[in-house]
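Below, in structure tokens: the form predicted on its own, a single chain.
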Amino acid sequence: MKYISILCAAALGLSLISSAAMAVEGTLTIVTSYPTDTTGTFKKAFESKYPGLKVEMLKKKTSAGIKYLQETSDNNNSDMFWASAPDAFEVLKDSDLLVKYKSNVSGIPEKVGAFPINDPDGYYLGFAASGYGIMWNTRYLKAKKLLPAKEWADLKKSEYFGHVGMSAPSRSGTTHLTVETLIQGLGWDAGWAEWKAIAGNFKTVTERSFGVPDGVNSGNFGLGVVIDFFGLSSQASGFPVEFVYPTVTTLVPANIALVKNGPNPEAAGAFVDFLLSTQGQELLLDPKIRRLPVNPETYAKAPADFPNPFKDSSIGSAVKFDLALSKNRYNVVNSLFDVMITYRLNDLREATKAIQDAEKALAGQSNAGAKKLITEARALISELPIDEATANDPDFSAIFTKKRKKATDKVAGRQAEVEQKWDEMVKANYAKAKALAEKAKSML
């Protein structure tokens, strides 16, 4: 009888497992900003685990994904949102578009670095960690006789003029986090001054975040500002590239969440559990993906030189990222970057080059007048149209409701008025800075 009872219990267990597996079927629709190398790898593995399920990846930039879920909330057909920017999940959470989910997977710590891996309220969960830094093409730098740039300040040096690429924060949630991280790390005024000094050396602002690693890998430009997995995966895939975390950076989780009223919550929950499972965490080490797992045990399977934030506390420790601050001024920061950098890049580059030429001419000389003009020129480039208190004001931030994909795109109302005033100031400052720098050079 005891033997029969054991068999019955085993049969019941198998029945429950089978029923659970059978419940994960149909279609799972995931709104995601991730590249195909990542989504395709996880889609294939998850569909293999659940043969009755079809996974559809709806590819959208992070900001476009947020807008899509907001606009389709009354007739939602999406099950999940999967992206790297935690502030994007906060926006969806505030919009009441997410539902809580608690995974039963064990072994995941509460924090990575100083940042909670999961939303304390349970609306989204971290499956990987992300840091921000610089990648470079070793062959390109050797051919141009350039040294690697390992700190943000290095990218300001005149020798990197025309050799740097980056995407705009309005086009990439991960780039937004990179921009915000440096601003938080250095302070509002100094952070923006740093970004504009770096941007003066840009060759391009790419259409998508993927365009930066593609540009570095191909040698279209030598250095790029990227999220870590772009650099690490390019390196693992055999490209002649290196990646470094600058001192002033942060480490935050990449997240996933269930969308409210999603058509297939059972499959969505199973996908979360799969990401956090041993198999899912080890997939992050795939050379095409190369993300930092949130399960410390997974690093035992990682390459010897793979970053491990659970052992190396220096990764992302310099900046205690303020998620609420980032979320509240999200659109303001994006608009500022576009007005001051993306859509005035040629003007900024010309002013920067004029200053660099004047500084080279001044080197080794003592000319107080020229030095004063150069200092004034740099101050004009660094000048901001608004202070931090204004940027952090919720009422002011609320007027920025539309992003421009290109400089000629029209915005309306108060946002248009503010951006026009910004642009007028920035254009005049860059032109005056160029003129002052050229005057300084003529004195030498």
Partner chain sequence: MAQPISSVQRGPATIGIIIALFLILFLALPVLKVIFVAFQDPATGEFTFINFVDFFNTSLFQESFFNSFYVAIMSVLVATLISVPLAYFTTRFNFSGALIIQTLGIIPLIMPPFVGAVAMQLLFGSNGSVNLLLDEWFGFTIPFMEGLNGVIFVESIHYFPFILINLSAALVNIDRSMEEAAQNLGSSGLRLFRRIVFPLAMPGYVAGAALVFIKVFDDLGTPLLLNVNNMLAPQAFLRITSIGISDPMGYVISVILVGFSLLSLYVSLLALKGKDYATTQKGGGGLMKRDLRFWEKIGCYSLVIFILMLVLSPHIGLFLLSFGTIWSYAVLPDAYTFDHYITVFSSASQYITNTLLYAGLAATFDVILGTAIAYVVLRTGIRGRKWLDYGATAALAVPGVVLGIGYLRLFHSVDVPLIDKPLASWWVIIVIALTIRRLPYALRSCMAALQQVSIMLEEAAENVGATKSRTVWRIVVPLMSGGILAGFVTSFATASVELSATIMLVATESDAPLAFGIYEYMQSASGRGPGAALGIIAVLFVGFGTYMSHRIIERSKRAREASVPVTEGATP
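What we label the rigid core is the largest C-alpha set whose atoms superpose within 1.5 Å from one form to the other. Numbering follows the first chain given and starts at 1. The structure presented is a predicted model; accordingly, all values stated were derived computationally and were not measured.
Not on display, but discussed next: the form predicted together with its partner chain.
Undergrad: Do Arg171 and its partner chain share at least one heavy atom pair within 4.5 Å in the model of the complex?
TA: Judged by the heavy-atom cut-off of 4.5 Å, Arg171 is in contact with its partner chain in the model of the complex.
Undergrad: Since only the chain is shown here, I'm wondering whether Val91 would be in contact with its partner chain in the model of the complex (any heavy atom pair within 4.5 Å).
TA: Contact check for Val91: yes, within 4.5 Å of its partner chain in the model of the complex.
Undergrad: Look up in the model of the complex whether Asp214 has a non-hydrogen atom within 4.5 angstroms of its partner chain, and give yes or no.
TA: The answer is yes: Asp214 has a heavy atom within 4.5 Å of its partner chain.
Undergrad: Would you check, heavy atoms only and a 4.5 Å threshold, whether Tyr330 touches its partner chain in the model of the complex?
TA: Yes - in the model of the complex, heavy atoms of Tyr330 and its partner chain come within 4.5 Å of each other.
Undergrad: Within 4.5 angstroms, counting heavy atoms, which one of the listed stretches 117-125, 214-222, 268-276, 178-186 is next to its partner chain in the model of the complex?
TA: The contacting stretch here is 214-222.
Undergrad: With the distance limit set at 4.5 angstroms and only heavy atoms considered, check whether Tyr34, Ile66 and Asn75 all reach its partner chain in the model of the complex.
TA: The answer is yes: all three residues contact the partner (heavy atom, 4.5 Å cut-off).
Undergrad: Heavy atom within 4.5 Å of its partner chain in the model of the complex: which of Tyr299, Phe310, Phe239, Tyr101?
TA: Contact check passes for Phe239.
Undergrad: So its partner chain isn't shown here. In the model of the complex, which residue out of Ala153, Ala143, Ala190, Leu147 has a non-hydrogen atom within 4.5 Å of it?
TA: For this set of options, the contacting one is Ala143.
Undergrad: From first to last in sequence, which residues of 177-198 have any non-hydrogen atom within 4.5 angstroms of its partner chain in the model of the complex?
TA: Not one residue comes within 4.5 Å of the partner.
Undergrad: Cα of Glu151 displaced 2 Å or more between the shown form and the other one, core superposed?
TA: It does not, since the Glu151 C-alpha is displaced less than 2 Å between the shown form and the other one after the core fit.
Undergrad: Would you say Ser95 moves its Cα by 2 Å or more between the shown form and the other one, aligning on the core?
TA: Shift of 2 Å or more: yes.
Undergrad: With a threshold of 2 Å on the C-alpha, tell me if Glu71 counts as moved between the shown form and the other one once the core is superposed.
TA: Passes the 2 Å threshold, so yes.
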